[in-house]
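Below sits a lone chain in structure tokens, taken as the form predicted on its own.
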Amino acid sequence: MNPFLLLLSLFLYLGLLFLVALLGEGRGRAWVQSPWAYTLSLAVYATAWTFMGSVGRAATEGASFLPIYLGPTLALLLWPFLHERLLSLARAHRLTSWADFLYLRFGHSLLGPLAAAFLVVGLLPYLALQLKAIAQAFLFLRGEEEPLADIALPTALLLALFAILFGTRRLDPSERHQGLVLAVAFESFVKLIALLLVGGVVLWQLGNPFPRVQGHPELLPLLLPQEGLTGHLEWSSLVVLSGLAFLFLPRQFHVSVVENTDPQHLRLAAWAFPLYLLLINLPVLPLALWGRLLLPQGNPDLYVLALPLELGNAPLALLAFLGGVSAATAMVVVESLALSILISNHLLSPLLLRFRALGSLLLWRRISILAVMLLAYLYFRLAGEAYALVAMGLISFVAVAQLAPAGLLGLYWKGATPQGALAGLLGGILLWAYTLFLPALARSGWLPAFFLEGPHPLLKPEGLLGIQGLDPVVHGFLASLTVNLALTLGVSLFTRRKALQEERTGEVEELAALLRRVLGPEAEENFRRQAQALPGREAAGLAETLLAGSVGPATAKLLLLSVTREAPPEALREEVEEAARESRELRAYAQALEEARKELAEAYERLKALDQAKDELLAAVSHELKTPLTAVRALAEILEANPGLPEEERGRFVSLLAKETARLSRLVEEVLAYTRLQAGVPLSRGPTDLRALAEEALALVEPLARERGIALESQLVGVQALTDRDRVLQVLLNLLHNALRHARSRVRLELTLANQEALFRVFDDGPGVPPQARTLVFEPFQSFSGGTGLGLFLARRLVESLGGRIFLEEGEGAAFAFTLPLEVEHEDSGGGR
């Protein structure tokens, strides 16, 4: 196959993954919340080992590939008892790995770093397996055999870049990565469809392979179960091993616990994930048999690619290649991310804290991803050539299983002690290295071959105590796990459980300042919000949890020591907490008093302003009342003193008297309206026909207009509004009276709809408002034509109380306009907005 086409396909597929991850960070977040996305993300368990290695193992050892998938299926039966408890602990303490749990449960300072360092080393073969699968498949399709490393290195670098971009955007490793989860779910879907298509096409074109096997006796053992004690032991050991690996693999913890958004998703995953494993394994045995029948000299790990080529179906071979790439990339990205969190939490954070460089932790986490990928590539170069895919993966499975005794006993047995957990883990690690890891290097030529014989026949690495006939992986698993479990139980029984770790207590302010320095202002604000009502002991616990999620539990405890003190003994705790509570209440009371003092000072200033305004109002009203009252008094005195005035002269004085009395009455009405507004009389809203209301206002001022010889014009549209009818009518009358007072020949009233508001306009052809008076025209007692100066001021207050606005438009004459919302939600009966 054309290498350019292969490379182009590989990079296009990786580019597609970037796009899917970006989608998950944006519009696709709703998909990530789906239980199906969660279930598919769990399928990161199925790697290149499943896609290619299972066919290879089935072609050489028959159905022994099945325990690798039976183990997780059986482990899912424990989910209601194990995972819900684990999810609860993880959410409460922001756990990001089993190493965090071991530190939290046992509190031994060595457990976390030891588990983290061991998992990094133990999972290198597994990561190398993925690189080998991609490189091997690429070179096979290209038609070459060496060197495998050519394509593995750029692939490793690209996958490291992917993990850095979508897994380390923030310092908090317990945050969820929607883009990463969606990409993993997408890859799980792709590899399932690809393997089913390859198997389906091969079976459709070649038919059922099982009858053909009858003519090949050498293949019959592939269809038979393993016999004898050794066979049964191997089968059951692999089931247990894979079940433990499924529970303790860092990437499985990450997708099933850290990335879990809803515990209810476990219900779907409990049956859908085993179904996924069943479907993806359906084509394995038929492909293995056809591979042995048609390609007996070929590499069994490459039957998935070779069979489509044998059928002349190059596009199907390319699809199989992408399926294998998909399976490998998902595992590598999530595993490298999970390992980088382990490294940063348990190895880097304490060092950076010592050198006061904790601020660079995120950078070091990214560097650790790159370092893990380069180490995996190095292992692949050192030992990858000597092992089949499945054998490399099983070495890592055994390594991961070493966490099981301390992890499971720590969850359910109170008698487990830190000494027991540490002894068991150390013993398991040593046995794993002696029986599996070092022999792998010896078989690859990086250690002397005589290492495989051991210093004594009973100490043979792959046959301890003279055991013969067991698969090396099964032998290493049984030996290391047995020693591990025995040490954990035995040492725990003979050591005393350490008293509970001392609790810490501290002030919220100091804890918040610490969080701000380490995690930033957002974390500080979050902490303050949660810690408001907490006693010092619980606030310190909350701060430690938040810190542990980002810098690891050990570093979090060290950081906390600098700002907290040891909690008092239990007997004094209640009294101390009561004193602390009273202290907080006193501080809160003092703060409330200070706020009340400020409010009182502001209220006093407002009262002074109101008092001054009242004095000014009284002075202005008195002045306005004085003029008509003086005129009325003078006219009355003239009439009283001159009873013999001619009838015509008397009528003129009486007319003037009536005019001044009417002016006096209007002034009193306006002052009363102003007083009602100040008193905050509530609105009386109701459905109102504004057009009918405008016509009523025109009818009321029509006699005055006729008396002055002014024509009234109108243009009114039908508008309904929920408003106070009387107040609107008063505004209209104020504006119309004001217009009639200044108009020369006509006054025009318009009602239109504008932007969901009713808009009234009142025009007159008078001299208009002088430019210097435009800003004062709505102020009280600002009359420029002999009026009281309250009409427009009242109009403004009334309109504002109705939720509208009033303004003076530019143009010839005067043009006053005001708006009314068709429905007012927030009224202010006192006026103003």
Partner chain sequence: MKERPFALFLLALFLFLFPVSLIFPMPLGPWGLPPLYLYLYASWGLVVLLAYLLFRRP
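The structure presented is a predicted model; accordingly, all values stated were derived computationally and were not measured. Positions refer to the first chain, counted from 1.
Note that the form predicted in complex with its partner chain isn't included here; everything after this is about it.
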property: Contact of residue 214 with its partner chain in the predicted bound form (heavy atom, 4.5 Å); result: yes
property: Non-hydrogen atom contact residue 45 with its partner chain in the predicted bound form at 4.5 angstroms; result: no
property: Partner proximity in the predicted bound form: residue 62 to its partner chain, non-hydrogen atom cutoff 4.5 Å; result: yes
property: Contact of residue 220 with its partner chain in the predicted bound form (heavy atom, 4.5 Å); result: yes
property: Listed range touching its partner chain, judged in the predicted bound form by heavy atoms within 4.5 Å, from 266 to 274, 196 to 204, 481 to 489, 639 to 647; result: 266 to 274
property: Listed residue (74, 371, 751, 110) with a non-hydrogen atom within 4.5 angstroms of its partner chain in the predicted bound form; result: 74
property: Listed residue (285, 306, 694, 116) with a non-hydrogen atom within 4.5 angstroms of its partner chain in the predicted bound form; result: 285
property: Residues in 73 to 91 with any heavy atom within 4.5 Å of its partner chain in the predicted bound form; result: 73, 74, 77, 78, 79, 80, 81, 84
